[in-house]
Structures are given as structure tokens and as C-alpha cells.
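Next comes just one chain, in C-alpha cells: the form predicted alone.
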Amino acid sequence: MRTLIVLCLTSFFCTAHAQQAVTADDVKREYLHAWNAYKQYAWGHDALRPLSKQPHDWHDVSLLMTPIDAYDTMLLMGLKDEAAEAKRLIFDKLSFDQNIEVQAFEIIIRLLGGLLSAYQMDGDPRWLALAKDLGDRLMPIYDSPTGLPFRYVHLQMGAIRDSVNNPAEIGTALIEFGTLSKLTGNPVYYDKAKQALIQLFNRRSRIGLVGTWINVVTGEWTNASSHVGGAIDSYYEYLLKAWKLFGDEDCKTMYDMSIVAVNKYVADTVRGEMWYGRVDMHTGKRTSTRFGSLEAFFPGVLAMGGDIDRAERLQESCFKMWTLHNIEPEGIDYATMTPTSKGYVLRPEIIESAYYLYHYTGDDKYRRMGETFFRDLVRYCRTEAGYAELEDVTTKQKRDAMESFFLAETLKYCYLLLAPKETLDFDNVIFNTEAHPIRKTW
């Protein structure tokens, strides 16, 4: 009996300890765990493979994805020594004069956005010089008959490739290129990125929706599926944020018209819960009840756009998706609440939305959500060397990858959600889709 009592008490206190409030310092400690693993096993490379403890590069040469992506998070967390070390590495080793082809979208949001944010937060003009050099090398993507960008560009030769692109990759550039224009005084970056947005918006369907894939040479849609998930997602985000950042009324008009169509046709209600599924862009007919981790950014956009009711209802659905297996899958069928894609790649979007909703509502339930997200990350994804993606959320089998956005976004949003509000002046900052904070300094 005595043994049983001891065991019960031990279990009780362990459970109680496990549920102690998570603090911003706890997040910072895990950030350092991930960063130090990168330093030990992948220093100077794009990313860390945490299970094999090996480096990973996207191309034949490293573009220092993780150090650039992670830098402004270090500054926000007050990690001055780590930030100084990352800065030395970047200025000693980074050059964009490389014989490689890159996917413009990923380079824009991770590297161009990271460099611009670093310049605004640190003040060293070398950040802006790197950003301008990179921006110039990316400009050839807009050399199409429609003004819609190609997906890939060669950094040395300017050769472009892949004429079939998607709204997210087309529309997620104005924050970065617009900021580059404002900081350098050269309007060409802003003009090219905005023209692409307008051209895409003008090709929406009769009922106001965009599809998933479009030919940038002909302007014809090649996939008519409309949704708010991957390949479309941040197009809507940037319409709203570009208006907020630059005061561009054209962007506000495009967002206002787009969100009406999205809420009319893409939004769905099942069991009294709000979801956003998939429909045909021309008819609005529902084609799928799929929702996933990438769609979980949308409550934050709705909240920023002033639609708190929809934002809160959708965030509740997102949280249900997370708690289904104590960590969210890449995709579920929300009609049956069964996973359609069982991986988890350390994504930040659901945490980002909780952060936005906490800011706009002040409701502590969103901080408690953040604590749940963080505990589950530590419990299921932490490894001896950093954090690992999950191959299967139902079994919690790990995958040997830790993308740079885990440090740029996932842990940043966890930290900001739990830190004092004065840590960052939310109302005077616009985050790009990689969570790099941009301030209107012009």
C-alpha cells in the first residue's frame, strides 16, 4: 500500500510539474538548444539534420539559410553573443555570386526578408548591400509577357525557368521588394512585385477566386482548385500586409474583394465548426474537405483584417486539429477528422495565429494554446541535437530534418506569445511570411 501511495504521489507531482506555466525563458532555452546543435554539427551550412547530426545544403554551395533566418530572433530574445557570432559568419562567408539556380520564393522570404529585417534591427549597412545584391539577381524572374514571375532563376546568369507558378509564389514578394525599394530609393523592385500582384488579381475567376497553378507566359490557369492552403496561402496575407505596411490602397481593395469571395465559397461549416476547404475557382463547387497546417495561418490574417469572430472560430478548429494527435498533421479531412498527410515539419502557422489573436483580443486562452504547442514540440520533436520533424504524428516517428523556419518562425512566435507585450511593438511591425519583422522606417 505504501508503495502504491508513493507511486500515486510521484505521478501526481510529475503531472503537476509538467503543467507548470511555460515562460518565454523556457522557449529561449530551447532556441539555444536548437541553435547550439546547428553550431556544433552544421556550422556554415544551410541547415542541420538533427538525427544523423549532419549538415544539409540546398545547393552545391551554402547560402547560410539558418543563420540569416535565425538572426532577428536572436536579437528579439536578447541573445547578443549568438547574434554577433552569426553576423560574423554571414559577412565572412556569404556571397550570392554563385553558379546555382534558386527557387525565388524561398529565397525572397527567407534570405531577402531576413537581410532587410537584420538591417533595420542592427543598422549595419552591409545587410542592405547584401539585400540589394540579392534583389538585383532575383529581378529576372519578372521577365515574362504577363509580368507574372517565373519560379526559378540562376543567380549568376539570370536564366529563368518554370513557367507554371502559383499565387503564393507570385504574390509573396511585395513586402520584401517593396521594403528594398523604400530603403534604397529605387522603385523598380516595388513596381515589379506590385504589377505581378495586380496581374494575378486580374486573372481571378468570375466569382472572385484564384486557382492553384497558372502559366506565367500565357496567363492561363492550369489548376482551378481554390483554397487558402499551400500554393495560395500567403497571396492573401500579402495583399493585406502590403496595405498595412505601405499604405497601398490598391492592395487593400484587392484584399477586400478577395476575402469576400473566399468567405462566401471556400469557408465551410461542419458540426458547427468553421473550416476552409477546397472548391472549383470558377463555380465555387466544393471539391474537398481538406485542411492542414499551412491553412492554420488564416486565423491570424482574419484577425489582422478585423474579422475577429471568424478568426476565433477558425482558430478553435485549428486547435482541434492539433489536439487530435497532440501535434498537427500536414493535412486532415475535417469532415471525418482523419489525417490525409501524417507528417509534421515543425510548422509555425498555428502558433502565429494564436499570437495574433492574443494581441487583438487579449484573451489568455491563446497564451495557454501557445503553452500546449510548446510542450508538445518539446515532448515529441526534441532530439539530442536540436529538433526533428515528424514522419507520422500518430506514431511520433521522427524525420531527419530541421528547417531554418523553425528558428525564424516557430520558436519566435512561441517566444513572442509568452513574452511581455513590450518585447516587440506589434502595431508598428509587419511580419513577412517567414516572420521577419519589417518596420516602416521610411
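Residue positions are given as counts along the sequence shown, with the first one as 1. Here the structure is a predicted model, which is why all the values come from computation and not from measurement.
Below, we refer to the form predicted together with a small molecule, which is not included among the displayed structures.
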4.5 Å heavy atom contact, S234 and the small molecule in the model of the complex = yes
Flag V216 as yes or no: does it have a non-hydrogen atom within 4.5 angstroms of any non-hydrogen atom of the small molecule in the model of the complex?
-> no
Y415: heavy atom within 4.5 Å of the small molecule in the model of the complex?
-> no
How about R347: is it within 4.5 Å of the small molecule in the model of the complex, going by heavy atoms?
-> yes
Heavy atom contact within 4.5 Å of the small molecule in the model of the complex, the stretch among 217-225, 107-115, 193-201, 310-318 = 107-115
Which of these residues, F374, W35, Y387, F405, gets a heavy atom within 4.5 Å of the small molecule in the model of the complex?
-> F405
Consider the chain as shown here, without its partner, and state which of A83, C251, L294, V266 has a heavy atom within 4.5 Å of the small molecule in the model of the complex.
-> L294
